[in-house]
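Here you'll find one protein chain in two forms, each presented separately as structure tokens under the names structure 1 and structure 2.
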Structure 1
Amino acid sequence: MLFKVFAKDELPKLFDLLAANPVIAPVQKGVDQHGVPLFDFDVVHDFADLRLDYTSTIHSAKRYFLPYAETLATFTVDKGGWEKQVDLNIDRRQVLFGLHACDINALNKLDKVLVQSAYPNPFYAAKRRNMFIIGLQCTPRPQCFCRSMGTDFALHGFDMFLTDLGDSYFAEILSAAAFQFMARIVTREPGHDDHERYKAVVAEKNGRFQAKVDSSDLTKILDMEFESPAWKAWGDKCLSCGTCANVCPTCYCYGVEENVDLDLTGAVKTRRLHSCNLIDFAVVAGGHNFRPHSHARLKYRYYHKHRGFVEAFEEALCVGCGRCGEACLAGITVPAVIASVREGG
């Protein structure tokens, strides 16, 4: 990894260089009922529209890699038979500007399932391969517990990572493409003072974390507390709306739909993201539902994130961004659920 430092007025120049391709970045999307700004990722054409001071986005950047709905293939009748067409968007290059460490780590976790598994997802892999990612140091919110999950910093999964030092940016350069872009703006080698300022910024960030999750021996605790009354208590609160999965940066469950034209001249196969909290998630042929109760669905969501994924990949699927708890209409948060299960109910 290489390090560079550059003045803040060089960042718009870097943006202009990157803008030869579509740039996706955090922008303001109005305010909430208390007048607090709301942010989300969107395509940006002007550097002035970027909000690099954003706290968190409503949705994660996952949808640019794993859309909520995606056409897998189309079929048409040609010469008396069905002809299949697939578009993977392999050559479409994009730039993701200003991704926080937790969201970078979320993509790294999705990579394990959708790229590095025995059954890789070519659609996801193509988008991941052609996305230039610039990470950005964040300021934790009260609901952030990414430090507990070990995702408050990123070691890979990005091309460049920026830390605001006040009058300049400290840049971590991880790819050859990033190095080539940095060669076209004015930079310098970091000195001792830059290193000290960087460490001070990180230390100040670490001191801001309020929410915590005790993940020590959590897989064992979950096995022991499988029948804990805590699951029923939280399940009774759960509205089974799926909002948590909608905003989660690591949920990847999906369903596939096939729709054929009534005149049999065409068909479309579509993949749509699903949520294990929805009542029809576990419905199988014949109409039987393996998880008809909300508390069972909620429990298995937590077991997937903090038990099953850990067993398979030795790390939790949750990155501690806090979006699910913030969006939950019933006020269910990961720290509260885990704490109550640890207490046995």
Structure 2
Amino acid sequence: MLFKVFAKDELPKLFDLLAANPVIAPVQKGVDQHGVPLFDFDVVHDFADLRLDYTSTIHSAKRYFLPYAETLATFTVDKGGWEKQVDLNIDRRQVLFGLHACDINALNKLDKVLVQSAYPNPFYAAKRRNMFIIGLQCTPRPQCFCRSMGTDFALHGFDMFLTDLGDSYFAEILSAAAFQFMARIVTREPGHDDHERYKAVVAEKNGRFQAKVDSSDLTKILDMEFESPAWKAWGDKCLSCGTCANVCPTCYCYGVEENVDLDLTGAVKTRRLHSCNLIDFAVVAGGHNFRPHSHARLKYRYYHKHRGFVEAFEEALCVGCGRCGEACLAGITVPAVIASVREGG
């Protein structure tokens, strides 16, 4: 890790240098009915469209790594037989400009299951490796609980990370590529003052967290409270709509769909993000459904994220970004669910 400081007006220059590659960044998508701006990631061409002051985005940046729907293979079929073609659907490096720590940590978690385990997923890996990531220090919202999940700081998984010091940016440089870009703008070595300011910014950030999740002994508690009435209560509210999985930066479960072309000379195999809250998630041959009730499915989402994943990778599959709770029309939030299960209903 290398630290640099640069004046704010150098940032557009950095952007322009990077803009030789497709750049994805937070932009404003509209305002809600109360006039609050709504942000999301999108491809940007102009630095002026960037909203680096964004709070959180509606959807995570996950789709640039794991598209909601992705072609896994195409087939050409003729009388003689068939051939399979596989394309990883990425042919160039891209830049993700302004990712908060929680979302970087989300990618690090996905790496564990999708890259660093048996049978790595090349579709994900190719996009992940080809994403140049500039992290950005955030200002926590009331619903953020990343601090409880230990994901409020990113230690790796990015190329550089910026913290706004007021008139300048404090940059942590992690990759050689990032170092080379930094050499093209005017930077300086951070001095004592910069370090002090950096620490002050971080302290200020830490003071803002409101939401909390108590994850101590959670794997055991989840097991003990398997029959807790809390699940039923939350399940009654759940719409089984899958919105939580769609907005979540760490949900990756999917389904595969195969379709033959209309002219019968080819076929397509598509991966589609699924959600464990959807009714057919666990249906098997003969129509048996292992989780026919919404409470069983909802419980399963927590089991996977806060128990199963912890057992496998020693960390939860949740970064505390709060997106699912905010997107859920029924108002089901992670802190509330976990607190009620802890209390045993």
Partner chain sequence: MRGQLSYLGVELARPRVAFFELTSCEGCQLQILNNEASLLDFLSLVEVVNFREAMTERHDDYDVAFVEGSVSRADEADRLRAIRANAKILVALGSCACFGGVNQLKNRFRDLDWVKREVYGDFPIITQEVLPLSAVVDVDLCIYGCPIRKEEVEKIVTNLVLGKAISHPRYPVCMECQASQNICLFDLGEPCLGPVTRAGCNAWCPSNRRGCWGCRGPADDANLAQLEKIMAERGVSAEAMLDRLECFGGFATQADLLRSAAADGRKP
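This one's a predicted model, so the numbers in the text were calculated from it and none came from an experiment. Residue indices: 1-based, along structure 1. Note that the rigid core is defined as the largest set of C-alphas that superpose within 1.5 Å between two forms.
- Only structure 2 of the pair represents the form predicted in complex with the partner chain.
- For L264, a C-alpha deviation of 2 angstroms or more is recorded between the two structures after rigid-core alignment.
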